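One chain comes next, on its own, written out as structure tokens in the form predicted on its own.
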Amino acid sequence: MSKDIFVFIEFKDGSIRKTSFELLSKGKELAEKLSSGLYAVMLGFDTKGLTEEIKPFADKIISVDEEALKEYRWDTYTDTMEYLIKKYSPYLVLGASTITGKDLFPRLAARLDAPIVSDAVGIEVSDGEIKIKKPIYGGKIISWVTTQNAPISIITFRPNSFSIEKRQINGEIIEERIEINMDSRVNAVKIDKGGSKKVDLQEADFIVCGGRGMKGPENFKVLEEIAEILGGRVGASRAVVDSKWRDYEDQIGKSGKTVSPKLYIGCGVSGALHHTMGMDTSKVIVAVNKDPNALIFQYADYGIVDDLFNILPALKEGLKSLKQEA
């Protein structure tokens, strides 16, 4: 049975997303242990120039370059992926746990009658068996699961779960020509894309998150300044977004975005379960809250019990000094 691995490549604003390179790096490591091939799967339009970026990471690049795939649609992308999977019969299909991934891969799993593990943070090969690391119960428990006796398994991972390792593979490009039919019941009336040039929240290495303890939208300016120094991004709790202090695109949590940055700094965040479910796999968690009993301290590697309006200005100045010295 084939042990080949598919990695679905995502695009954003005409560029390959960082999370795709992370998955390719991990996918190649798995492929070597399984003595199999790694396939990068690129669906889109006018993407030929981007295939060169993928060549050092994958053994083969399957490119479907069709105008019907210019924008993500559940019908065209699901049909195309289903066709490719049935044609090439991969053992594993890896994707990112992003908005697109959360829409696409459950549909594929249903079509193919395949097991799916979503929102994973790690994967290993032990004695030829695949073991997948997945947080459950809001990160209180880390589980290791397997998909037994399945000819194909689908796994999605949180962005920032793996490091990027470039290899000089010079992968072969396979151009697929597929007749793509759009579901006549679905019609894109309008697509609005924000003009924000911010670092993608799910792919940010550094996140400074504000909660209700920030007291008002005007106080997020200092978080923006700290995030800019770090080269990161400002996040927000659901309570902040519900209060219209920040846009929904900044929301972290079960009903927002799941993040795994190298550093998460929670400022005035209480640590409610629906928030911690979205950030508990951060590599280092720092919490600033004047309430010593705040739940966020149960997840924090470092905690500061003090008024955040005393701490944040000092943090900003300290980071500025460090950056100038560097």
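Throughout, rigid core stands for the largest set of C-alpha atoms superposing within 1.5 Å between the two forms. This is a predicted model, so every value here is computed, not measured. We number the residues from 1 along the sequence you see.
Missing here is the form predicted in complex with a small molecule; even so, the following discussion is about that form.
Only one of the listed residues (Ile62, Ala294, Leu34, Val286) places a non-hydrogen atom within 4.5 angstroms of the small molecule in the predicted bound form, and that residue is Ala294. Checking Lys290, Lys262, Lys48, Lys70 against the small molecule in the predicted bound form, a heavy atom within 4.5 Å turns up for just one residue: Lys290. Using a 4.5 angstroms heavy atom cutoff to the small molecule in the predicted bound form, all of Arg212, Ala239 and Gly256 count as contacting. Residues of just one listed stretch (226-234, 245-253, 176-184, 85-93) have heavy atoms within 4.5 Å of the small molecule in the predicted bound form: 245-253. Lys134 belongs to the set of residues with a heavy atom inside 4.5 Å of the small molecule in the predicted bound form. Proximity of Leu308 to the small molecule in the predicted bound form falls within the 4.5 Å heavy atom cutoff. When contacts are judged by a 4.5 Å heavy atom cut-off, Leu30 does not count as touching the small molecule in the predicted bound form.
Using a 4.5 angstroms threshold between heavy atoms, Ala150 stays clear of the small molecule in the predicted bound form.
For Leu24, the Cα coordinates differ by under 2 angstroms between the shown form and the other one after the core has been superposed. When two forms of a protein are overlaid on their rigid core, residues whose CA moves 2 Å or more are considered shifted, and Lys254 is one of them between the shown form and the other one. With the core superposed, Leu38 shows a C-alpha displacement below 2 Å between the shown form and the other one.
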